[in-house]
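Below sits a lone chain in structure tokens, taken as the form predicted alone.
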């Protein structure tokens, strides 16, 4: 049985299900990370070639960093700094890959992360954690993130609110609630067990980097090897065909937003461990970096095709780019300008590949 075209009855799509991606009608395969088969022209848009191109771009960035800053860029300390920065954005990007592949988008991830960080670092939560166990703080962050994701999902799937508008409203509301709870003050974390765990290193590798690697690995398996991943491709590629094939599109959409909310909670824990604070300013504009990394990685903004591997490489590209600019004392304005140009170029390439795959 092909991983792309069918799922046994009772476990997802019936064996006679329609193709789940409109982006590759010549091969009948889904829009995931597997290379296109058949005619040679389809290979140019395959996941393998896209990922190789991304790796080449990352290598070029590293060479530029080494040439312009020398040992400062190539030092072990700097490489670990890049990975720490990539971990927070990367965890959210994995969840965003599912949402965008499923035909949605979420602009509220930064605000949800901030709200989760504030809620789990309040004096009451920390006092409870000291009296019991620091896992209370973890539960609070995950619960808040999941709740925000649930609200987004319900608004989009059952309320029929456009994802852009629904998540824009959550962005404003979550950030505002975080400011109210914290009274716009930075909340210092004073729970030794929490900071000891999330700030630790395993064989020289920070725990938050290991968490990112685990999330990416689990995300890849779920996306490429489970019914949930195939349903996500189907919902994003053609919601009506997915509904006729027996998929509960509304429920699946809610689940997509809930898992993204959970990962925002995970990211909140990671950024708290880095800064030892919870504040309403955490994650400001991180949604732009997240969406950019996902798009650069090869996930279609229109839905129906996604790639976890590409997203991970996209995150590393943007984080490395920021690091190179910082080491060269370049302004954040220049960084933003270049990132904008990269996003436009990526979307134009997506459109070109999509048009080529549809041509006879």
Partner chain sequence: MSLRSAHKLGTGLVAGVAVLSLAACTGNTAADDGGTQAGGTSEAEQGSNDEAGDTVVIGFSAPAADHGWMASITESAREAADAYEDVDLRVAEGTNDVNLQISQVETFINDGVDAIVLLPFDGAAMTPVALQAMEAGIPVINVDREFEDPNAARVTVLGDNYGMGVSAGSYICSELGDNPDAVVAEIAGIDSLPLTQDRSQGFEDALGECGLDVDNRVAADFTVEGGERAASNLLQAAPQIDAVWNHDDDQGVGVLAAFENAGRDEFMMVGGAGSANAMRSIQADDSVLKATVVYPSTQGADGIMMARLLVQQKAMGDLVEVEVPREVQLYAPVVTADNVDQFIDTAFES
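Positions refer to the first chain, counted from 1. Predicted model, so just to flag it, every value in this text is computed and none were measured. Throughout, rigid core stands for the largest set of C-alpha atoms superposing within 1.5 Å between the two forms.
Below: the form predicted in complex with its partner chain, not depicted.
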{"property": "Contact residue in the model of the complex, chosen from 184, 243, 225, 133 - any heavy atom within 4.5 Å of its partner chain", "result": "184"}
{"property": "The single option of 260, 111, 88, 100 touching its partner chain in the model of the complex, heavy atom within 4.5 Å", "result": "88"}
{"property": "Proximity of residue 162 to its partner chain in the model of the complex, heavy atoms at 4.5 Å", "result": "no"}
{"property": "4.5 Å heavy atom contact, residue 323 and its partner chain in the model of the complex", "result": "yes"}
{"property": "Close approach of residue 335 to its partner chain in the model of the complex, 4.5 Å, heavy atom", "result": "yes"}
{"property": "Non-hydrogen atom contact residue 215 with its partner chain in the model of the complex at 4.5 angstroms", "result": "no"}
{"property": "Stretch in contact, per heavy atom within 4.5 angstroms of its partner chain in the model of the complex, of 327 to 335, 309 to 317, 51 to 59, 296 to 304", "result": "327 to 335"}
{"property": "Any residue of 263 to 278 that, in the model of the complex, places a heavy atom within 4.5 Å of its partner chain", "result": "271, 274, 275, 276, 277"}
{"property": "Core fit, then residue 243 C-alpha moves 2 Å or more between this form and the one not shown", "result": "no"}
{"property": "Did residue 72 shift 2 Å or more between this form and the one not shown, C-alpha, core superposed", "result": "yes"}
